[in-house]
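For reference, the chain that follows is the form predicted on its own, supplied as structure tokens.
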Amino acid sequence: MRLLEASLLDFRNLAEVQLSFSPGVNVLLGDNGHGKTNVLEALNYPALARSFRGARDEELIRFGSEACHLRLAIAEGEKILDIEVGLDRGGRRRMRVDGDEVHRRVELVGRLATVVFDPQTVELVRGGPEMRRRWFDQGISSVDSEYLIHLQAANRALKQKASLLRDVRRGFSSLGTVSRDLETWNAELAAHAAPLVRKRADWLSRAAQAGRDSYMDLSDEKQELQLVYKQGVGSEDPGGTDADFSREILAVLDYITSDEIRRGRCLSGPQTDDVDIILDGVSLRTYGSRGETRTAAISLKLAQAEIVYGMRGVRPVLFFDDIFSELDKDRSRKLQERTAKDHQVFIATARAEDVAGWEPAGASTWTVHEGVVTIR
């Protein structure tokens, strides 16, 4: 998979940008704060149908403008896909694929397969569990649209449960009314938690193998990287159908309802899942060195790319946003050369030395200054 060209209008500080890309390596050079990351954010937007930086849609619109627009031409084998996205300050989002309007996020997510390496990537190992959940949620959603549907439904149920629990704790609702409503939302949550947990377990099993191989390749050491899935729904998978597993989960949720009411918050569910990342039997989050945790984090992102290829048969586009300052020169070059062999790569950096001496065939380089992108 590769990006062919892009047209950006009033996206962040980018007033009007027209770009055609190399199928191999694309480098964006410029001082921090001038718009390099904004370009990557725009190019990656269709992959998630939202900003990979977690920004709200309204924040993506250029100051002083009422709307922004982006259009991308994407190649997947011989097929060319045209994607358009328009955002306005009223909160409306318009999306088109090959001229046909799509109305739901799930209809767009995954059309463009990408993996983003950014400064937060190095915190994937030592950061909070929400970072690891975001990693596997985004990874699984890119190859499985049903997963995203279940995830959105589970999040809605959790939001409703959390609101009910807060209300009863504050005395805004009666215990009897809340208990009946909680039964309804527990059933809804259990129905979607079962397929989520199973899909996460399968994806993390694939990531464990790919991550182990990537770590050995990047570190030149025979250390074994392992992933241990720590599911938080409080029930073992009994096998059988999703309905069987849902009943097991529902029994746990109903059992702890009185504790949730007393404490005023949700205590169990897929929102508490985590992954323990282990190197040679030792937890990296607790005992890993800075170099080990960085290498492991990048290995997990590379594993994500390998899973996309294994399940979809396409190589995702890779975005590197100011990541090489976190690595030594040898490891940076190894990562650059390894990924450029099979993927279209975009590198945004303020340091020309990050790519100095590397001359991949057909590479394109731009400078970005105050929102203006110029080919070198």
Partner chain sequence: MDHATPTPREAAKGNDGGEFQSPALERLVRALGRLPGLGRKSATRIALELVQGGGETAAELAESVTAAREQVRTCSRCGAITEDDPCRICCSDKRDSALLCVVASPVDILPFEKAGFFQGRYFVLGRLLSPLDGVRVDDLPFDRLDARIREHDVRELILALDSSVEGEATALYIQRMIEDLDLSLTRLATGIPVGGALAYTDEATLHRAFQFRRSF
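Numbering follows the first chain given and starts at 1. Remember, predicted model here, so these are calculated numbers, not experimental data.
The form predicted in complex with the partner chain exists for this protein as well; it is not shown, and the discussion that follows is about that form.
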- prompt: According to a 4.5 angstroms non-hydrogen atom cut-off, is residue 181 in contact with the partner chain in the predicted complex?
  reply: yes
- request: Tell me, yes or no, whether residue 188 is in contact with the partner chain in the predicted complex, where a contact means a heavy atom of each within 4.5 Å.
  value: yes
query: So, in the predicted complex, is residue 149 in contact with the partner chain at a 4.5 angstroms heavy atom limit?
result: yes
- prompt: Going by a heavy atom distance of 4.5 Å, is residue 219 a contact of the partner chain in the predicted complex?
  reply: no
- prompt: Does every residue of 301, 330 and 376 put a non-hydrogen atom within 4.5 angstroms of the partner chain in the predicted complex?
  reply: no
query: Heavy atoms within 4.5 Å of the partner chain in the predicted complex: which stretch among 285-293, 263-271, 121-129, 151-159?
result: 151-159
field: Single option in 173, 138, 257, 231 placed near the partner chain in the predicted complex, where near means a heavy atom within 4.5 Å
entry: 173
query: Among the candidate residues 167, 82, 213, 237, which is the single one with a non-hydrogen atom no more than 4.5 Å from the partner chain in the predicted complex?
result: 167
- prompt: Going through 74-105 from first to last, which residues have a non-hydrogen atom within 4.5 Å of the partner chain in the predicted complex?
  reply: 100, 104
